[in-house]
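Given next, in structure tokens, is a single chain: the form predicted on its own.
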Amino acid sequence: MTPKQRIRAAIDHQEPDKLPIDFGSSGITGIHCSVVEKLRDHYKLEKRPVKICEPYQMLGEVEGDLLDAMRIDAQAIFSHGTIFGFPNENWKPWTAPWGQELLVAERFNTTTDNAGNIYIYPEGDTDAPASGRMPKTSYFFDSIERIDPDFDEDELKLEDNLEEFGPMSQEEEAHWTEQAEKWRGCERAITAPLSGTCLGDIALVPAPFLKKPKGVRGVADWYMLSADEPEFLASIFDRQVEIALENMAKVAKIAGDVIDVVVVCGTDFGTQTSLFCGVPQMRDIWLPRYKQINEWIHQNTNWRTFKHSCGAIEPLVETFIDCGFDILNPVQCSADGMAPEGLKAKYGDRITFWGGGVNTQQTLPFGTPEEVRKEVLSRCEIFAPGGGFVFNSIHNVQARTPVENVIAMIDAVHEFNGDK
């Protein structure tokens, strides 16, 4: 099987010739830039600065030579714009606070305060208020909540929380055209994000890409909307979906034959121990809109749809299936109720688990290589039978993860596949 065929088979619950592997195909299955550099050194690849493909989490681009060395089955197409509102283009050098020499986009513009904290700006405009902050000892950015001084919670305006959604620009169309031409015929499965389909993604609510965001932009305030103003929230989502479907049609026309998997939504519904909202709320507010998106995709394309949600979300998995999602990520097995054996037994023939391969909070960063190997082999043995599993860690590989542990993880999957 080719890598594309392998991933397609797994998603369609057919057992492929080998367990497919993904690292780097999205902003939620990636690798921190510092670890990418160490992996390149381990595999004795050409020494060159790592490109930042996703600046919010400081994810490094996993280039083709590294994908080959790790024997990865998926390839990313990233959005034209980043979460900070500027495109990844016209690369320039930038030295990270941990000393790594990187390549960043031309409009990746930062300032540093007296305490060593780094600030980044929407659209790269340093005259605007900063929208992201990297603390001195951190390895990625946090969003800065910027509340409109004229915001009135008693007079909510629908258009204020729709200002980031609109028809695809000519620049975005050109990006999709370029990417489709570049990757048409690729043997790896192509994954791509969709624009405007993330319904209530808390990483996007503060709008770090907008210079002067209006509306409900505080994280706590947003979570309260589902309880206090469900009809208002539903109205936002209805218009958002309407716009998204129009843009999806354009993407499908340009690159429909190239893409295999689309990342529909990264909205988190779970904490380590519970849910952010109840099942009835999820089914009332989110299910009809997700279902509309997924049905359009399945009726008009050959894409498979990918839903990301961290946390203790087992009570919602049935709802995600009813929404029409083909894939669930990151499969946080350490959260309450998320034991891998139970997930596979109950849902494994109806949704594909893309992730869950190793704990990135404990085992991968703090375990020994042998502990990593044992956990990886155990997860493969649980999730792989009958298909419905693409190996990835539980969310991104974080900074300061020992490279020998990452190698142990990759080698263990190849061992499971009989390739070592």
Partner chain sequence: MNESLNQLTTAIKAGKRKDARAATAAALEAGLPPQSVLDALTEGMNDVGVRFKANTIFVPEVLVAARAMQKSMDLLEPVLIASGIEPEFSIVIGTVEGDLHDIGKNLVMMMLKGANFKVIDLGVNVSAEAFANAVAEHKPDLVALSALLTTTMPAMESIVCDLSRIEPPIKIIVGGAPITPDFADQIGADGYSADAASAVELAQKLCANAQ
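As the structure is a prediction and not an experimental result, all values here were calculated from the model. Residue numbers count along the first chain shown, from 1.
Heads up, the form predicted together with the partner chain isn't pictured, but that's what we're talking about next.
Contact stretch among 190 to 198, 242 to 250, 128 to 136, 293 to 301 - heavy atom within 4.5 Å of the partner chain in the predicted complex: Residues of 128 to 136 come within 4.5 Å of the partner.
The single option of Asp142, Asp148, Glu181, Asp238 touching the partner chain in the predicted complex, heavy atom within 4.5 Å: Contact with the partner chain in the predicted complex is made by Asp142 alone.
In the predicted complex, the residue from Phe86, Phe276, Trp176, Tyr121 that sits within 4.5 Å of the partner chain by heavy atoms: The residue from Phe86, Phe276, Trp176, Tyr121 that makes the contact is Phe276.
Residue contact check: Gln57 to the partner chain in the predicted complex, 4.5 Å heavy atom: Flag for Gln57 set to no.
Pro385, heavy atom within 4.5 angstroms of the partner chain in the predicted complex: Although the partner chain is absent here, Pro385 would stay clear of it in the predicted complex, with no heavy atoms inside 4.5 Å.
Residue contact check: Thr112 to the partner chain in the predicted complex, 4.5 Å heavy atom: It does not: once the partner chain is placed as it appears in the predicted complex, Thr112 has no heavy atom within 4.5 Å of it.
is_contact(Ala227, the partner chain) in the predicted complex, heavy atom dist at most 4.5 Å: Yes, Ala227 is a contact residue.
Contact set, 357 to 373 vs the partner chain in the predicted complex - heavy atom within 4.5 angstroms: Going through 357 to 373 in order - heavy atoms within 4.5 Å of the partner chain in the predicted complex - the hits are Thr360, Gln361, Gln362, Pro365, Phe366.
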